[in-house]
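Next up: a single chain in structure tokens, the form predicted alone.
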């Protein structure tokens, strides 16, 4: 049987695909790969559809054994890789055979590597997706992160070829301060002009509370417009009447710890959301680590859509390399 055998799981490795869209109204977040560009690029390198399931690791990669011949690619965060103790490149397709073991050293840049195997990770779908949502134990492998001794089924491989690589100019960078293009709005009226200036002018530090649900930040102070507590809202100046939270929205409880809500976050609540990180730049924050700095750069909707088109264009260039 075609399987991946997990010798060690890494810190937090889960099965993810492009996500479980279409169920937000019932409180189901999309989950899916946090860095969609790296996930999709990895799949293209091994001949999979972009939506095939990969493994998303966080900070520490897994150790995996293969049971048949496959093509493999690792993208996203940078970490020295080895196959049976010999170095293999990232962002490049390479061949494996039965008994080969892939290992990771410590990550040197970024936060999340993506491991694609030709044929994809063939765990059962739940609501049309193989993505893991650990908060409710749904999807992926039994709704949880991987553990030592797990065996992951693989799908039928297509005709990928080893040696195809993503050129350096198409790979994401990992700057010392990650700029996040942000559409300001929805509840930004709750901040004073000085509060908004502080929000946009601060380099925010990522705290230890940074995971697939959201990234909590520190570094500045946000002032709120005085008001009477509205009916149906809490007493915190950041409270509003409950509303939906777009993925990537930024809520500001207390005014001093913005939280960027990500793929596994709740879908609504009663905190003011003062902006939304554009979809293309959620790839960037996915690769930022605890202790790293981020900043928010205001853009309009046209710029957000242009960023999305640029990401699509870079993926299309990768697709042309492998076809």
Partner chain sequence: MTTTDLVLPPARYEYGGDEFVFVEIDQAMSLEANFKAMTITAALRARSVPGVIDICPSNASYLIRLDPDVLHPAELVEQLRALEESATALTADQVLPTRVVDVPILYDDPWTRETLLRFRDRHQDPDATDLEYAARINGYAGVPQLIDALAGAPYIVTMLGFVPGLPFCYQMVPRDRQIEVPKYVRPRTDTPERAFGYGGAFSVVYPVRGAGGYQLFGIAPAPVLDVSQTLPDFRERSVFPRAGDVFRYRAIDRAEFDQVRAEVEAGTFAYRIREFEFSPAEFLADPDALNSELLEVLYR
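Positions refer to the first chain, counted from 1. Note that this is a predicted model, so its numbers are computed, not measured.
Omitted from view is the form predicted in complex with the partner chain, to which the following refers.
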property: Contact flag, residue 60 vs the partner chain in the model of the complex, heavy atom cut 4.5 Å; result: no
property: Touches the partner chain in the model of the complex: residue 148 (any heavy atom, 4.5 Å); result: no
property: Residue 291 within 4.5 Å of the partner chain in the model of the complex, heavy atoms; result: no
property: 4.5 angstroms heavy atom contact with the partner chain in the model of the complex for residue 80; result: no
property: In the model of the complex, the residue from 247, 164, 122, 95 that sits within 4.5 Å of the partner chain by heavy atoms; result: 247
property: Among the candidates 175, 201, 153, 185, the residue which, in the model of the complex, approaches the partner chain to within 4.5 Å (heavy atoms); result: 185
property: Candidate spot 67, 315 and 323, all three touching the partner chain in the model of the complex (heavy atom, 4.5 Å); result: no
property: Per-stretch contact check against the partner chain in the model of the complex, the hit in 110-118, 218-226, 84-92, 239-247 (non-hydrogen atom, 4.5 angstroms); result: 239-247
property: Residues of 201-239 having any heavy atom within 4.5 Å of the partner chain in the model of the complex, listed in sequence order; result: 227, 230, 231, 232, 233, 234, 235, 239
